[in-house]
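Listed next as structure tokens: two forms of one protein chain, kept apart as structure 1 and structure 2.
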Structure 1
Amino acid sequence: MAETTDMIEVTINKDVLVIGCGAQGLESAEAVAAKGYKVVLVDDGDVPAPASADIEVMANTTVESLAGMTGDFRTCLANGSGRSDRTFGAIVVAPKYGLAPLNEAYGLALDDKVVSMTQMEALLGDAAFKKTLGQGEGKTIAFVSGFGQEGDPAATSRVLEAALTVQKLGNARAYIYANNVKVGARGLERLFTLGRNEGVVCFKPLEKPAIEQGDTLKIVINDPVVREDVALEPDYIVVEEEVVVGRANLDLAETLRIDTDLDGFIPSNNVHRFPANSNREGIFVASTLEDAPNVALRVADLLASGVKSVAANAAVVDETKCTICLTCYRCCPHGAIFWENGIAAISPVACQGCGICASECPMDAIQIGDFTDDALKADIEGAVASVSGTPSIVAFCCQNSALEAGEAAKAFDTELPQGFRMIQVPCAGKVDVEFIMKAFVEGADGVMVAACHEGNCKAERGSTFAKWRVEEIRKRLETIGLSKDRLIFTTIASNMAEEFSMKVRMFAEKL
């Protein structure tokens, strides 16, 4: 690895855009403002007045487009009164998700007796309604949850609170039909117990309850404890609600070029995004109230006093080689590539130095700061040359995972083959076909590409790119008369020293 630490100072815009004014959006705006930055808070609906006067609010406003880069994001904000172009150093996304009742999952239609959780909460906020519940023999309310979806502690908490409110009226009764009771959040087990002590009845049938919706309502379950059918004719049935992502959030993610998880929630399911990052530097995500101060910390880290010192050569495009094929733009997992004067340009602030672009560029037009092609080739030569007398194994190790595990394996003196050498790469996605072949040409007996487990790659797809390349080369090795087993791809986490050496030993034995 060559030592190159040319630093440049980049001016960063100190304004911050916060999108979404739910509780966590408001909190984020306040937290960022408290760090001394100017905040613009937009929402596609109404915006309540924030406490801090430093926050500019724009209601009924959407982000129509995003250009520019981290530190200099150029947005077009659109609302009824027109469009305005605004520039921001950082963006905070505080998505507001919707709720949809799952009555259909129970074969129910919503009416004045079958209501959603939100409706029941509103009703319970109404003193007149509450009075009717306690009148006469008192009304019976049944809550059904966990059969239309798995649910979560937030949903459980709402059911428990509402059931307790009903039960406490004295003359009304609350029944809960639940699958898994999601008590995995502070205070919920206690709340659940309190409810039961107050007389709330909780059934946990193994199957979804059968419900008849006619002139009267009827719920029948087979009670797993007494092993009998138990029927109830409640006055109200309250159906659970699911959280829905909604078109607006998906569109926003697309406009901002940030990843979502499988369910469409921002950001992707990856520990490297934790707690408040997206895949793009400078775009942060506040999903919960607790994320808000974390977002403010990350914003302050990035914007600092408006000038940032960054490596000048994190990734550099050679304009004489670039043929504007767009490959790098498409494959950069961190959205760090843009177009300038007709060629690809890389933002030194946004670039994470993973090197995927460099490996994918068909023109070899991109070089990565500390990991230039020349430097890596020199590393390969050095590695193979340093082994004599024993089989040599060259392992390209991702610095986020395998390199850590490998260094730990050495530090703790685990058993590693004598001829084992590691080559540090910024991400397995930087391991080119050329480097692997070079290792064989230099005389390596075995080559290993050691990456993060899928889903744990900081560059999201770097590990997958590496896997594909290895598969391709294994096929090619056969055609040039080498055994394909001399090359393997493996995945490992940074904390797994013993597993790392076991994997290396197993590879060495097979060679």
Structure 2
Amino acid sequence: MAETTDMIEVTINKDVLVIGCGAQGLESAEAVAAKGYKVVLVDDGDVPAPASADIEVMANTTVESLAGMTGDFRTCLANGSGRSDRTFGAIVVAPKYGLAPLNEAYGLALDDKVVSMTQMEALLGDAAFKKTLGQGEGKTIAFVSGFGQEGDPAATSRVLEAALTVQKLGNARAYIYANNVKVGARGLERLFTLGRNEGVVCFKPLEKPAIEQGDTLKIVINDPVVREDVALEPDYIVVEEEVVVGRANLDLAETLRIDTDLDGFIPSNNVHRFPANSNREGIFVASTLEDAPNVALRVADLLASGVKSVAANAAVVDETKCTICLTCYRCCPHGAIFWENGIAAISPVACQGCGICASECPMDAIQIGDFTDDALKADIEGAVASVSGTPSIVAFCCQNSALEAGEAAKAFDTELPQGFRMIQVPCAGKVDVEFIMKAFVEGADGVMVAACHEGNCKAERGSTFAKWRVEEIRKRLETIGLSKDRLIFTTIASNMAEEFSMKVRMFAEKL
């Protein structure tokens, strides 16, 4: 059971660092400045002049190092003039990615007639080229997209914008060959409708188009509507592009200690990170222009007037037990741990109370304020003692997912075994060996650790730590004469009450 939490007020720096001066970086800087905060905008290249006088610009500058915590990020900014140490309360990352044409996926070589999306956008910015496209009988331009990679709204937007521009040039004609037209972003459905009304033709063949490249170009598809081959000899073919993560983005993520997804994109592919969060409180991500307002709101919510009310005991270190082994520092998914007066210290602003550090600490030197070890042990004793039927099952349920699913299952009168009891934990990563073995010692017939699905864990790696521990304990159970099947690990989402009930019933039947 969660204990009462005392609150304290912490003074935090109100300056904001924005890294990256692409469109989303500039927009975010302006939005944050409009909230009344001083902004420093840095970029490793040139920086356009911002509209707001509250934005300080540092061109050709990189973030060489980062120390400190949320509300007190201490950075070293380096450029040709030297290095300067600056402190910020929050950081906004506006990542810049490269683009690579996927012509080889279509068996094509780039030339003056087969061009990348970037090249065509540049050509459509040239008045003379646009005039040539629309003269006489006009030129035909074919856009191919979504067959070299899975499409996305950003790629769709570029294709639709370019096709609409072409179609408006007198007699020019635009054709789109798309595996899937992703219009799930603001304004894309309207843009698609505008293009169709202007005469843009969109094919969605079931297979990649067959394209011939020679003196003339030829595209052949089997149209699923008319059920026959349809051929086109366009004047230009525009091939899609993939987004490429540069070394600079990876280095920046490492410097800031923020997670990327498997392809290196920032932030990680976690539902709790969208639309503007990273795994570290106070470091926000503006991946698109649409993220800028969200970033500004998150910054204002964090910094407010420079004073933040936080839990005094979100995580507390016992200085008599800490041996500075660095375990907590390495495993904290939120970068909330630093060193102070020779022992580990945990920032009350940055800590999100997941409890992974407490469970991984070999000296039991860390306690989570709302979920101390003593409180959880008492919960275990109470849960087992309250059971009247058999089998007796103790389920450690993450409060962000499985607990909500379990509560919903009870509220909807979904069938659950009579001997089933749930214990609330801040994250499955807080469930350590001692708690699981305590449940067995108290008399539980079975123990379940219910965590978040992959990519849905608020603590990013809490489910991973919990799964490792369960696997290790299952091996130990066999050595002491207990069936390993008395302990299971499972994942569940907060809206899966029926599946939660089903998993518990199946577990009870095996016991």
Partner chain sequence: MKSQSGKVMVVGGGIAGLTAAWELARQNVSVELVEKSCFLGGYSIGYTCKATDTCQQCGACSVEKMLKNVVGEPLINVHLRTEIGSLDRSDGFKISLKKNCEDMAEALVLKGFSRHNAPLYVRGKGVTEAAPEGAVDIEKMGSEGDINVDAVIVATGFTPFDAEIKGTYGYGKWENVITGLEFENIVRENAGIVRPSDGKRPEKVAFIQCVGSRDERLGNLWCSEVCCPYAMRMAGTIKHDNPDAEVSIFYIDVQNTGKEFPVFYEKIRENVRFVRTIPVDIYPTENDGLKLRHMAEDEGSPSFEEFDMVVLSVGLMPGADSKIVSETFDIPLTVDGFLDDSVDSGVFVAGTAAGPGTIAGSMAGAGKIAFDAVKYLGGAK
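What you see is a predicted model; the values in this text were computed from it and never measured. We call the rigid core whatever largest set of C-alpha positions still superposes within 1.5 Å between the two forms. Numbering for residues begins at 1 and runs along the sequence of structure 1.
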Please identify the form predicted together with the partner chain: structure 1 or structure 2?
1
Turn of the lesser rigid segment against the greater one between the two structures, rounded to whole degrees:
18
Please give the CA displacement of Glu241 between the two structures, in Å, after core superposition.
3.5
So if we fit the rigid core, how much does the CA of Thr193 shift between the two structures, in Å?
8.9
